[in-house]
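This document opens with one chain alone, in structure tokens, the form predicted on its own.
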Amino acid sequence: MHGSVSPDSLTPGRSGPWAAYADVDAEAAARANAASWTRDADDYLAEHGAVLGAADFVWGPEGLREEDARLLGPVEDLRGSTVVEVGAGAAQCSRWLTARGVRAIATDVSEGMLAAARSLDAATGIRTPTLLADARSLPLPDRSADAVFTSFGAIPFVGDAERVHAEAARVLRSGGLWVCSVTHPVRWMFPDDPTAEGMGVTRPYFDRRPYVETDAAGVRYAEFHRTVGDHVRHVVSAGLDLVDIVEPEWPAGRDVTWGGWGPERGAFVPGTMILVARRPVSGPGA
């Protein structure tokens, strides 16, 4: 990070005296986030595990499931295909695919999350292949996957997200899909309060400074904001064709609160954006 976080830039409503919106070194943030997800893996799953399930494929807090959305295509068409998940966490989504005959590979930068994945494998009896890997540099061959996806993984936690899109494009075969869900960019204008009290805009949409937590040792956690246009440009610059942008609505009767997501604000403001892109079909042998 470029200097320490000033108390004058503390973020109202965020926890900790060292929380601020400030510039941060991308590599320092990536290292800190890998350590953070390992350090907090058990607590995160204790808090959100019931919503995520052990072998379910959910695209975001609204509860949109791949079983219904079919953003990767009908699961029966994916059987025998190779599908790579980046930022997989405890591999719940990949485990759901594996149980349906898909060759899924769950990758994550956090050793703690992959340890949790092994525990869920044991609990469910579904063995899911995992790989410790940075989404910006996947140890996979070119054109080795039929689809690549991430559900709220990787992209928000690196300062150079364009590299994540480029890696997805690199490992995709001709005509393969890249599907990624992220926090909807408009949500960065609002405080982290999912109730009606959190409906007031408090930050400029175009302020791209990341949210950063630090301690005496340096950066502990960082999360990055991009506009809709930024996300689209990253997809296109990776050589992919944007197929769709999905903005799930909050379902009537869904009484779940997850951080800044919940039914009150969800009825008015989108919380999740899903980008669906395809690698262009190339010639024979591609």
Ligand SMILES: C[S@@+](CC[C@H](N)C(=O)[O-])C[C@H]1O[C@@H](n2cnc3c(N)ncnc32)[C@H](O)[C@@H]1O
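The first residue of the sequence shown is number 1, and the count goes up from there. This is a predicted model, so every value here is computed, not measured.
Beyond what is shown, the protein has a form predicted in complex with the named molecule; the following relates to that form.
Chemist: Decide if the three candidate residues W37, A135 and A154 all line the named molecule in the model of the complex, where lining means a heavy atom within 4.5 Å.
Modeler: Per the other structure, all of W37, A135 and A154 touch the named molecule.
Chemist: Specify the contacting stretch among 73-81, 156-164, 95-103, 122-130, defined as having any heavy atom within 4.5 Å of the named molecule in the model of the complex.
Modeler: Selected stretch: 156-164.
Chemist: At 4.5 Å between heavy atoms, is W250 in contact with the named molecule in the model of the complex?
Modeler: Looking in the model of the complex, residue contacts with the named molecule do not include W250, since no heavy atom lies within 4.5 Å.
Chemist: Heavy atom to heavy atom, is A145 within 4.5 Å of the named molecule in the model of the complex?
Modeler: A145 lies outside the contact set for the named molecule.
Chemist: Indicate whether the named molecule has at least one heavy atom within 4.5 Å of a heavy atom of F224 in the model of the complex.
Modeler: Answer no; every heavy atom of F224 is more than 4.5 Å from the named molecule in the model of the complex.
Chemist: Does A168 make contact with the named molecule in the model of the complex, using a 4.5 Å heavy atom cut-off?
Modeler: No - in the model of the complex, heavy atoms of A168 and the named molecule never come within 4.5 Å of each other.
Chemist: Go through V109, A117, V212, C180 and name the one with a heavy atom inside 4.5 Å of the named molecule in the model of the complex.
Modeler: The residue in contact is V109.
Chemist: Output the sequence-ordered list of residues from 26-65 with at least one heavy atom within 4.5 Å of the named molecule in the model of the complex.
Modeler: Contacts from 26-65: W37, Y44, L52.
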